[in-house]
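Below you will find one chain, with nothing else, as structure tokens; this is the form predicted on its own, and questions on how it binds or moves follow later.
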Amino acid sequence: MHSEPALDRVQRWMLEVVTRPGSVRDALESEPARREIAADRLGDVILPSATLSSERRIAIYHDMYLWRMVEALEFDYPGVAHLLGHSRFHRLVERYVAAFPSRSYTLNRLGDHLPQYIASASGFPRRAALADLARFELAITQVFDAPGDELLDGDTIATIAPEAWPEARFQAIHAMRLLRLDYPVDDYLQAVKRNEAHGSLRKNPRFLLVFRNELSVRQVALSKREWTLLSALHEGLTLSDAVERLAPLRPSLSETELFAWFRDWTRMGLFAGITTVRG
């Protein structure tokens, strides 16, 4: 007669069986599961019901775990789910969570690696556009969840002496991402959300700013020159070094244009602070 397994062993076994990819039989016979409870002792921890065997009862939880992963990722990646269709998206999630299983108490971070997984995965149509779409949707999620910041205001900017501007460094808000994409996935996602006919996903480079303004996530298409300068500032370069990055691009940046960009970016609330050599 077998003694009842300790609670901690049952908990480790249950976690392994429920979250293990593949069939429930594969999960029950996996080495980590057998290390806790042998497959032939399943009836000791899961009793059969009047209509279901012990294996079918645990299979309900095993199968529903994957469906929960599909549901969570479909919420964060509606565009990817739409582009692939239900069955292909389900297959993508099944393969993805096998490579990047959930390790957190929350599912909010489950999809953090999906863009890089799609970029290297095989067997999915329009992979390059799909990866761009996933990057865009991940940026939206990250910006929505990012902590808030006190914003740089005009009074602070006015205190900076003109000679200090070349060495000024801007602190970008946490809720901001800059994306360089090859496909118009922003237009595609908007069409999906509005249940409208979506446009072509033919190659058409995009320079996007994604940021949160109060409680709303916004996306703005930038010119290559705007994106280059803002990206350099986001990396922590001084203003003079950031402007230097624009040297190969035409037309040359004028002072009037530079001030107009900063006026717009400050109005959008993209900066949380500014430092100079003088502090």
Partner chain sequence: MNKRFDLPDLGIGIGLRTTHFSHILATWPEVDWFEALTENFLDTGGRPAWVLDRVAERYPIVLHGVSLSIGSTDPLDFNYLAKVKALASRTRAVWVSDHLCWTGVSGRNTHDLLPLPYDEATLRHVATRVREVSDYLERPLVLENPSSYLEFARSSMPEHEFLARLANEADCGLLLDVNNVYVSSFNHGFDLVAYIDAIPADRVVQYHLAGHTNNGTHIIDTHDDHVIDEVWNLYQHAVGRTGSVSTLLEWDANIPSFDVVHAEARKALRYRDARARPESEVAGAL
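Everything numeric here is computed off the predicted structure, so don't read it as measured data. Residue numbers count along the first chain shown, from 1.
The form predicted in complex with its partner chain exists for this protein as well; it is not shown, and the discussion that follows is about that form.
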Which of these stretches, 221-229, 22-30, 60-68, 243-251, has heavy atoms within 4.5 Å of its partner chain in the predicted complex? 60-68
Quick one: from 204, 116, 102, 171, grab the residue that has a heavy atom within 4.5 Å of its partner chain in the predicted complex. 102
Quick check on residue 165: any heavy atom within 4.5 Å of its partner chain in the predicted complex? no
With a 4.5 Å heavy atom cut-off, would you call residue 87 a contact of its partner chain in the predicted complex? no
Spell out, yes or no, whether the shortest heavy atom distance between residue 273 and its partner chain in the predicted complex is within 4.5 Å. no
Answer with yes or no whether residue 11 is in contact with its partner chain in the predicted complex, where contact means some heavy atom within 4.5 Å. yes
